[in-house]
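The chain below stands alone and is given in structure tokens; this is the form predicted alone.
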């Protein structure tokens, strides 16, 4: 299986009033194409910094970051913008959907960011929002709004979906429905999925689990068997 990401000796150091903070400390990592990857760790472990480095939102202080065969840590601002636009989708804990647009109209926003978008009705059906497509956000539950944000990210047909605490604001039942949508997307479109979370239960649905603490990878687990989102034991 091909590497979608490979990073070599990546460090990220922030200067602040109290000195230097080492957010990532000489990280080496490979992420395989088409996998569900969970980056797991407590607050301050470096997992969000890792997401920002991989997605080109931030640059490493040192080290190399490869996306397939392209070294993205050397990209200029325009190259980074095109890299994110052409290859990546983002899902956050906050839904970031527009209140005066319908479900369909919110999802259509993703079409403008792609030269090879997916069929919007197919995407809406994949995240089980067909009967809600003409509703406005105030008419939706939290889980439904998160699935709108997932569909908006998916419709642009990204190679990688970055999910930063996608269930952080949701209860167990709603969170499992959102994770089920992510599993369906991975299965149907072979989209590489990188999920950042502090919830260890989510790791059971991943192909690869990266455990982080204090800016370092402390363990990488390859799950021989994954379970469906509905079967997760919630933490």
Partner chain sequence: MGLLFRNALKGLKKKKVQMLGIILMVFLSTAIYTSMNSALDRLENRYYSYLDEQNVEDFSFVPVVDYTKDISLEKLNELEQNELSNLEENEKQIINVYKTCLLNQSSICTQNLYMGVQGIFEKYGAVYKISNEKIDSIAEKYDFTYSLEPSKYISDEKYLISAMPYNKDKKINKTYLVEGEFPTKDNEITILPNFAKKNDLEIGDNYKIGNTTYKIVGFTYAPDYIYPMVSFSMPIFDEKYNNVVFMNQNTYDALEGIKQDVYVAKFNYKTDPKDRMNIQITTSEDNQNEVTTDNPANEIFKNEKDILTMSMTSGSRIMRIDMLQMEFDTNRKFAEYFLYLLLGISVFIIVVVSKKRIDDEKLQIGVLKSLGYKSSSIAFSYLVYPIVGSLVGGTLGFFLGYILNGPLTSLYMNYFTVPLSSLTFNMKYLLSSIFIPMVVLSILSYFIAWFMLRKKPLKLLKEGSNLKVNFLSKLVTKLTKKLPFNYRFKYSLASRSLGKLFIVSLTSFCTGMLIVLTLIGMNLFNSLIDTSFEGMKYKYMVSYNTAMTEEASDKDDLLLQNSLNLNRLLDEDGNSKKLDEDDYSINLNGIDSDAKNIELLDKNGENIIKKLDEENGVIINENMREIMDADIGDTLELEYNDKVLSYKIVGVTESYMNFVAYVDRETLSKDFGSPVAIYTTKYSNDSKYSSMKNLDNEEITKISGIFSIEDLENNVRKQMQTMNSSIYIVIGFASFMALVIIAVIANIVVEENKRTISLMKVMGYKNKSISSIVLNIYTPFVIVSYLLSIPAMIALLKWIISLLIGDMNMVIPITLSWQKALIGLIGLLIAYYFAVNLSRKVLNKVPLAVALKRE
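The structure displayed is predicted, hence computed values, not measured ones. Residue numbers count along the first chain shown, from 1. Definition used throughout: the rigid core is the maximal C-alpha set that superposes within 1.5 Å between two forms.
Absent from the display: the form predicted in complex with its partner chain. The rest refers to it.
Taken together, 81, 102 and 105 are fully in contact with its partner chain in the model of the complex: each brings a heavy atom within 4.5 Å.
Mapping the unseen interface onto this chain, residue 121 falls outside it, with no heavy atom inside 4.5 Å of its partner chain in the model of the complex. Looking at residue 156, you'd find a heavy atom of it within 4.5 angstroms of its partner chain in the model of the complex. Mapping the unseen interface onto this chain, residue 152 counts among the residues with a heavy atom inside 4.5 Å of its partner chain in the model of the complex.
Contact check for residue 116: every heavy atom lies farther than 4.5 Å from its partner chain in the model of the complex.
Annotation for 90-110: interface residues with its partner chain in the model of the complex are 90, 92, 94, 96, 98, 99, 100, 101, 102, 105, 108, 109, 110 [heavy atom within 4.5 Å]. In the core-superposed comparison between this form and the one not shown, residue 114 has its Cα shifted by less than 2 Å. Core-superposed comparison between this form and the one not shown: the CA of residue 139 exceeds or equals a 2 Å shift. With a cut-off of 2 Å and the rigid core superposed, residue 78 has a Cα displacement that falls short of the cut-off between this form and the one not shown.
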